[in-house]
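Given as structure tokens, the chain that follows is alone and in the form predicted alone.
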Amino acid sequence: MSQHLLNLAHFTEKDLIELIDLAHSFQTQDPPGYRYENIFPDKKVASIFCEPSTRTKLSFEIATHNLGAQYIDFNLANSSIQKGETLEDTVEAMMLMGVDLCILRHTDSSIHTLANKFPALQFVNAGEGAVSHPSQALLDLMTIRESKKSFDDLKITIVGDLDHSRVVSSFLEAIQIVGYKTITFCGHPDLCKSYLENSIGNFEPDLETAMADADVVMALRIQNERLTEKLTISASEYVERYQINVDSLQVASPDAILLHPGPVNFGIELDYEVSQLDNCKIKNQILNGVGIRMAILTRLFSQA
């Protein structure tokens, strides 16, 4: 693991498994959660979220507190950015004030430029436009590994708005490192143009065919505006053809697990009833978000 977490390109399989194991080492069983360890009381972490976030932002904040570090929640709306200050100037000011690590979510890929510009500051990519979301991919791997013995044997099906998903981009980066058996992409062709022909897996427009014998089913969020503006079918037609529900899951493997990065639009990509199934691991993903981010911060701080 390098000084930053910008993407997963330089990770090895050993790196990924060790990071997941480290996350598990922080777990508590009763109640399920992650314990407090005052390991890094001298570290200051600032988060800059230029896009809305609940799970990612809160889990990084809790992870920071759990490690004994100080967390500074940068308020974008009340900052000098509203007066025209650049993001680069803001980050430099943070560095001069003693911030050690910056967690950034941004619509652009500015984090790479910032990491090069300010080598004394560590950076964590908390969402880079539609390009990448590495910590989400890591918690997805962690959740899968809790239910499956081997990545190599997995038949994976990914359903939804693939073209606009930073989650799937990072997941594919990660799963190619640890291995898989097959990957099937599914969704309306208007939302999957980048995956109609690809070297990673097969595109299948029919949901039942795509989910047949799947071991892992990952649903992706559908933005409401895309249903009305981008598709050549109606919203109700989309739900009928691509919504994952109890019936559509019947063709998957009996011990298949269902993932979703959240937030879920119940009634669109998922029927609410599936969230109550034992093989739905969405709540596990939320919980694991704290652990994997504790592991990320621990590794980065240890290398600083």
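From 1 onward, residues are counted along the sequence shown. Worth saying up front: this structure is predicted, and the values here are computed from it rather than measured.
Note that the form predicted in complex with phosphoric acid mono(formamide)ester isn't included here; everything after this is about it.
Task: R55: touches phosphoric acid mono(formamide)ester in the predicted bound form, heavy atom cutoff 4.5 angstroms - done: Yes, contact at 4.5 Å.
Task: Heavy atom of P263 within 4.5 Å of phosphoric acid mono(formamide)ester in the predicted bound form - done: So P263 counts as contacting phosphoric acid mono(formamide)ester.
Open item on the list: Against phosphoric acid mono(formamide)ester in the predicted bound form, would T157 count as a contact residue? Criterion: heavy atoms within 4.5 Å.
Closed with: Close contact is absent here: in the predicted bound form, T157 is far from phosphoric acid mono(formamide)ester, nothing within 4.5 Å, heavy atoms only.
- [ ] Using a 4.5 Å heavy atom cut-off, state whether R105 contacts phosphoric acid mono(formamide)ester in the predicted bound form.
- [x] Contact with phosphoric acid mono(formamide)ester, yes.
Open item on the list: Which is the contacting stretch out of 130-138, 227-235, 206-214, 81-89, given heavy atoms within 4.5 Å of phosphoric acid mono(formamide)ester in the predicted bound form?
Closed with: That would be stretch 130-138.
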